[in-house]
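Only one chain is given next, in structure tokens, and it is the form predicted on its own.
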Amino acid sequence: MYSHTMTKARNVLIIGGGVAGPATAMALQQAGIDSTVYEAYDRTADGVGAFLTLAVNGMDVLRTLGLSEQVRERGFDTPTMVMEMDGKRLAEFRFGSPLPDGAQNQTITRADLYTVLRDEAVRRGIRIEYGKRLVGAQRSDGRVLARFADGTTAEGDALVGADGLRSATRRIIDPAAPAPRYVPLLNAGGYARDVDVPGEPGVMHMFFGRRCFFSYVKRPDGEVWWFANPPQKRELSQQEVAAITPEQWRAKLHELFADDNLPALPVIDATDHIFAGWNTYDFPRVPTWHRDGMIIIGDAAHATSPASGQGASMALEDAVTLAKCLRDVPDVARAFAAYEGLRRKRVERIVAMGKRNGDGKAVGRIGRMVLPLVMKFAARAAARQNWLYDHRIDWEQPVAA
């Protein structure tokens, strides 16, 4: 394993305990750099959130961190996606090639992914402090001083903002940073039992309904994991979305799918609890990622629509790339610049792709007429493209300033 640790960053403050935070802490530890994770909430994320898909490029990062097998034990292979409309199959896509160890795309609950990352970080001796909401930070004498809402402070050689869509770190680095862009779709979903739907386990079925997009995937034990994306032109406040009860979601989805020839309603009716819904957002571009020893990564820097299927994988790629830069470039500012040079083009391309995919979920009458042809060409193009899933980060390869 590469052992070079000549860097001025000996101790790093990491803001955020989601996916990017613990992953960054473990990558930094692997690079010989100490860190502490500060999480705003006063509890863990156990049981919180829906499910997500980790693409093979994200699984390759987990392999680098020694976490691939733990994630595979909790998730299940999802190597294929099928697009359907009006009872007809439009196209089939494969999510990249399996890794040398056999790992493929994994579908996993967000809570299980959090748990793997948090528990392994703690097992490896990384400190995670809860109830630490960042309210301010500044550089002084070559160090970064962070201030938290509970009145405490912390000091380190650098500060990494892995604090998500509503990042406090982003606002500190650049008070004029753009707000997240609303993508006019809501999200709902759940887990259905004892319902018979077509298809093999591990195939993600995507349906273009007349008024709403729907998707499901069967787990090997037969449980059906699903989500729906009701169009919503006006951005609802967090309070308005939270006020929608599971019964209201069920009624709304019944109305949206009433005229469709797809298995949405049996799946929804076989679901005991529908997730609390949420809005969809992305960032077309965040101009400033780093300043004065502080940097943002993951959703704080480049949130992408869930339609990209790359949110968690991008955060994991960020974690390992940043750790390599701080390992190999003996100056924090230059390390951050090297990191941005390695990451910005790729992540902004993925954000743009996710926006296109999200826009395609709400097709009108004319769009439905041309969609079969569009899908045919998209499948051909996807078969030729390898930039998305075949991206690999070589931990042993040094980073140049």
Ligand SMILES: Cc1cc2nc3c(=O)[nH]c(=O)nc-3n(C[C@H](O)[C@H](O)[C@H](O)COP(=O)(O)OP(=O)(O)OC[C@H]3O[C@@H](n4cnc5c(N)ncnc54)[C@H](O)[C@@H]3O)c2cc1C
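Only a predicted model underlies this, so the values are computations on that prediction, with no experimental measurement involved. So that there is no doubt, residue numbering starts at 1 and follows the sequence shown.
This next part talks about the form predicted in complex with the ligand, which is not shown.
Distance check, residue 375 to the ligand in the model of the complex, heavy atom within 4.5 Å = Close contact is absent here: in the model of the complex, residue 375 is far from the ligand, nothing within 4.5 Å, heavy atoms only.
Could you tell me if residue 30 has a non-hydrogen atom within 4.5 Å of the ligand in the model of the complex?
-> Taking the distances in the model of the complex, the answer for residue 30 is no, it never comes within 4.5 Å of the ligand.
Would you please decide whether residue 162 lies within 4.5 angstroms of the ligand in the model of the complex, comparing each non-hydrogen atom pair?
-> The answer is yes: residue 162 has a heavy atom within 4.5 Å of the ligand.
Contact label in the model of the complex: residue 95 to the ligand, heavy atom within 4.5 Å | No, no contact at 4.5 Å.
Quick one: find which of 302-310, 235-243, 283-291, 249-257 has residues within 4.5 Å of the ligand in the model of the complex by heavy atom distance.
-> Going through the listed ranges, the match is 302-310.
Ok, 211, 74, 219, 133: which has a heavy atom sitting within 4.5 Å of the ligand in the model of the complex?
-> Selected residue: 133.
Out of 52, 338, 347, 371, which one falls within 4.5 Å of the ligand in the model of the complex, going by heavy atoms?
-> Only one listed residue qualifies here, and that residue is 52.
Within 4.5 Å of the ligand in the model of the complex: residues from 100-115 (heavy atom criterion) = Residues within 4.5 Å: 110, 114.
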